[in-house]
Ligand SMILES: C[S@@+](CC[C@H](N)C(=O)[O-])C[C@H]1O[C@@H](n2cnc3c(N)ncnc32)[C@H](O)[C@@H]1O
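For reference, the chain that follows is the form predicted alone, supplied as structure tokens.
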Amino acid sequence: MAKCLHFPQCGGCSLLNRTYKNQLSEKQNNLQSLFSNWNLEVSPIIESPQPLFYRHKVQLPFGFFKRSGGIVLGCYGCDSHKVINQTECVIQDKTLSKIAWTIREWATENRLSVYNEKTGTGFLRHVLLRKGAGTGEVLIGLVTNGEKPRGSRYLAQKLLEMTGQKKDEFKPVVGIVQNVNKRQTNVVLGEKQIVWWGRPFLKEKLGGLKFKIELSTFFQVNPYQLPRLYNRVLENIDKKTKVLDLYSGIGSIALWISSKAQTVLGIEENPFSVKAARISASVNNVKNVSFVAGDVAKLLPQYINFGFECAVVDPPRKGLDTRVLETVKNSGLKTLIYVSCNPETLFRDMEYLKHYYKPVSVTGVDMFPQTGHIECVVVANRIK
């Protein structure tokens, strides 16, 4: 069992008081119970090769402690919006944790104000850090309740000094990016970004493939487990099949399965992700993938009957739009591979399709050790 002085007050982890073996057993039982009426055996959960210090994306809110008058930074407490002032974490990448705590010190030394949810005032809202596991590159994101401040060049240089960036032996940071979010909302990122220093993306390598990752683009937080998740998809793709990749993000699944498929078409709403996907396809010299930008529900009817035999879907936690389900239901797709970080919405959506697609396998992939979350892959075949 891992130990952290913030457990159980911190909302970042919920299973630290269990051994990893017991966590897997509990998740396996939960999946078996959820899918019990499907009359098939849930495959053993694919365990993470690194159950600690695996998170290569860190997103932490700022807070203010009135008694000491100090800035705090950390996860929200369980069932609250009180920020736990983080001084250790057993699931975040160690380098990212050190940089996060340095940013807290930097904000304090430079007397920067912190966002207040009740009044809508204050400058700093969140820290968002990303690290490339295959390259070591780090991108620093500062989500703010205001435009570019005066002295941002000085602030950037000061932050670089404090993170050790100017030392020859330690130069992981490739960019400092300000994301402007003035809305009174729980949504973390705004639409406007300002580069303070360096570049607005990091480079990542995964299984021989190269990717470009920005603050707003989706990429799984556990790179050690990611090849196992993608291989579970790959092994269910028939050779020379035309595949749709829905909610394709930066094209990681599309590129991963491209060696086996005849062609892959990705559909993704985030234009930044589509741009990054196209760049990755070019950089990796993959010729049989293409990407279109737009709402999946709106675009899918235009493409689904162009000879596609298989669809891979990896939607947000809320699951599939009813319009997407209707389009899939009335299509000629032979195989549906559903990747989900929310087994409950996956189950709901597959129940919607149960007279048209029969699940043949369910596999849990533990992308989030020490938490109650589980990634899941369901493969279903068209009922003839």
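Residue numbers here begin at 1 and follow the sequence given. Note that the structure is a prediction, hence the values are computed from the model and not measured.
The next section is about a form of this same protein that is not shown, the form predicted in complex with the named molecule.
Task: Interface segment, criterion being heavy atoms within 4.5 Å of the named molecule in the predicted bound form, picked from 107-115, 144-152, 243-251, 172-180 - done: Contact criterion met by 243-251 only.
Task: Close approach of T263 to the named molecule in the predicted bound form, 4.5 Å, heavy atom - done: Residue-level check for T263: no, no contact with the named molecule.
- [ ] Using a 4.5 Å heavy atom cut-off, state whether D238 contacts the named molecule in the predicted bound form.
- [x] So D238 does not count as contacting the named molecule.
TODO: Verify the contact flag for G294: yes if a non-hydrogen atom of it lies within 4.5 Å of a non-hydrogen atom of the named molecule in the predicted bound form, no if not.
DONE: Yes.
Task: Touches the named molecule in the predicted bound form: E269 (any heavy atom, 4.5 Å) - done: Result yes; E269 sits at the interface with the named molecule in the predicted bound form.
Task: Position in contact with the named molecule when the complex is considered in the predicted bound form, options P359, P315, P51, P343, heavy atoms within 4.5 Å - done: Flagged contact: P315.
- [ ] State the residue from F201, F308, Y230, W196 whose non-hydrogen atoms include one within 4.5 Å of the named molecule in the predicted bound form.
- [x] In short, Y230.
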